[in-house]
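Just the one chain here, laid out as structure tokens, in the form predicted on its own.
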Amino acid sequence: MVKTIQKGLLATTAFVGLSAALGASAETLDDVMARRGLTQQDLVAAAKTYTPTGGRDEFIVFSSGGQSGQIMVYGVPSMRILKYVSVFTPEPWQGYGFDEESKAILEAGKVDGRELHWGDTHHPAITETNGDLDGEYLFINDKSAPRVGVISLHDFETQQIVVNPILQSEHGGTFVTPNSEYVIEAAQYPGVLGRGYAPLSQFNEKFRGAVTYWKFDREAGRIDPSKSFSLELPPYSQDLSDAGKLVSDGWSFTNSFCAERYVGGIESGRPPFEAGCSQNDTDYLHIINWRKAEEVYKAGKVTMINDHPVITMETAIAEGLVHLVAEPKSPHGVDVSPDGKFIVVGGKLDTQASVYSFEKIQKAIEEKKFSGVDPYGIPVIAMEDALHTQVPLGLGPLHNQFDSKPCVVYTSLYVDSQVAKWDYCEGKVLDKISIHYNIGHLVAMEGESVNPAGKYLISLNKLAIDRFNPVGPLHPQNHQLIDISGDKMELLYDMPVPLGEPHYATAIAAEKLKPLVRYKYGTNSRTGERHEGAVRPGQERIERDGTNVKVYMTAIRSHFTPEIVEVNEGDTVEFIITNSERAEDETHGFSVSTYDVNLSLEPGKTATAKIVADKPGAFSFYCTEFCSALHLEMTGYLMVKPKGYVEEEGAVSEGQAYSKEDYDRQTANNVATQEVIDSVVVYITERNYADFPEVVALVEDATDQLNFAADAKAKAEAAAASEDWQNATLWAGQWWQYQVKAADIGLRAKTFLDEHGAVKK
């Protein structure tokens, strides 16, 4: 066993020699190109996306996960999927919806008392500071129910779900104001505010839309419903929004479709919704002074609906909070330029994009120059008094993203299956590229901020058709990476997306994200605070209060403490488990056989599994995350005694007996192992390891393991002193297990130092 550890010290040298030998017989680049039919252009595209082993991406993308209720995280330019973040639906690998802490988050997402088992995530948004993405928090909406989730980018876990108290559906969420004061959520299909009932015959009178401004408390990392408000809007189908920036800060823009207010009725012989909702040549862009609306709300000029403050249309009109302007037919996206001077809108049943001037809009409002009012009395600005320019782009313009180059915007053309690159200042098309197929949203790197990064654009396509290996009638979506660094766009990569129907995505420079690699010891990840049930090794215990049993447990490579938990049939059992590891990526899981339990316990995290022991039996529990060489031995038993059961006296029957010779052999091996560990310690401490936080953490973890080893060694020696060779040998074996873990960590630290240029002190 010692020789195995010693060999590990030579692994790097051996690998270099082996690699050289293999390299001599490898195919040449020309061989590979010929065999696979690749062109020079293919190789250039591949080189632009290739990220070597151990390399990191320049940007991180957060994409909606559609019907999965999740968010997908991947890197650019590699397009490697890094994580799924669960928000509105349970997900067992991360323990979301399986531990009591995350169950409380999902519980808050009930709508009218109903538990929902899925969500339809659409539009993620990252917090901003002065209009720049800051990488602290992420918001996502649920179209299937009017909900908003808050995700901390400190640990990529959902912290909160809030339910809109007045909307029955929404699509236009989430969009943040430039300093994340508010998260904007707009209704989609009109309803009776408060989710009440009225007959469709009273659609015009009783049905309404709305836009909600959720107040975000940055310090708490939570939306504060008590400081949030909504603005009542006409029963047009509101869609997406964007907040003004710089010169237009304090304003928000929400477009709409079906301004015809048609309600369908195929079953009664009337034409369907799609016919009645597409008759007019234009719809309405809502222009809202949210800063002034905030003042009106704080002044108490609101109506309470379901205990939520709503500024009525009557008040909004009287206070000059909302105005309308015609926009292209059936628009989808509304996007404010980085300088805040222009608002770009495309109509998916039109061929052109419209660029509105914020300066012209303000001039019309100040001069009260209106072409009239809508049926509800909201002032309407004439299109010609608000337009900067209109540009024919192609069929089905939907969404827009901005480049780092001044005045350059990219627009998705759904029907044409193309992306158009154009100049919104001068009003001219610069380039087009075909994609595969039927693009919906698109995302440029930080393309919605005041300082877009450019470089890459991703086309989020609704159809893949023939792009990938067939996997049945349900095809993946296709995210395509496009190089936008030059004058001409270049398609680089196809990425199949086997998750829901992703809609929008947002991208941020990777360097702006500062996620944790471990929690402070005993953290409740859903609150960020210390968990009241956290314990350190040596503090583990089982407490009983009537039929309620609490198990305060630790998990560390490769055992749970306690390992045997005895309860009675009918008891409610809470396993409150703390991962005592400090090394990066040393996650443990926890599952109890036949019970619907799976926890994810990252280093330092404390989480709770609560079950009712309703059936007698011997139920194994085990670690579900392959954590070490002895992962399969990381197990224990929940012993549920039948009602009225009386335990018989007797010693534990074990499969093997140990002698003094076994103990001596094990301790000799341990002494030799310690010599190897000491040599690694010398190697590390002779170098500037303190300059590498990753190695400092590894050293901390290895020190913990050696402290555990010292405790096991003391127990082994105590048993040996009383000639209890059985326990002496077993404790000596546990002493060695801790040594092996310490050695493994030490080798990881040594390799890291070698690869990152550590120098001898």
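From 1 onward, residues are counted along the sequence shown. Here the rigid core means the biggest group of C-alpha atoms that line up within 1.5 Å when the two forms are laid on top of each other. Quick caveat, the model's predicted, so the values are computed rather than measured.
The following text describes the form predicted together with a further copy of the same chain, which does not appear among the structures shown.
Of the listed positions (G617, G377, G250, G528), a single one reaches within 4.5 angstroms of a further copy of the same chain by any non-hydrogen atom in the predicted complex, namely G617. Proximity to a further copy of the same chain in the predicted complex, defined as a heavy atom within 4.5 Å, singles out one entry of G454, P537, P92, P225, which is P92. Exactly one of the stretches 295-303, 433-441, 128-136, 216-224 approaches a further copy of the same chain in the predicted complex with heavy atoms within 4.5 Å, and it is 433-441.
Contact check for E602: a non-hydrogen atom falls within 4.5 Å of a further copy of the same chain in the predicted complex.
Although the partner is absent here, P165 lies well away from a further copy of the same chain in the predicted complex, with no heavy atom inside 4.5 Å. By the criterion of a heavy atom within 4.5 Å, Y521 is excluded from the residues contacting a further copy of the same chain in the predicted complex. Remark: S63 does not count among the residues lining a further copy of the same chain in the predicted complex, judged by a heavy atom distance of 4.5 Å or less. Using a 4.5 Å cut-off on any heavy atom, the residues of 245-268 that reach a further copy of the same chain in the predicted complex are, in sequence order, F257, E260, R261, Y262, V263, G264, G265, I266, E267. In the core-superposed comparison between this form and the one not shown, V699 has its Cα shifted by at least 2 Å.
Put the two forms on the same core and the Cα of V612 is off by less than 2 Å between this form and the one not shown. In the core-superposed comparison between this form and the one not shown, the C-alpha atom of L491 has shifted by less than 2 angstroms.
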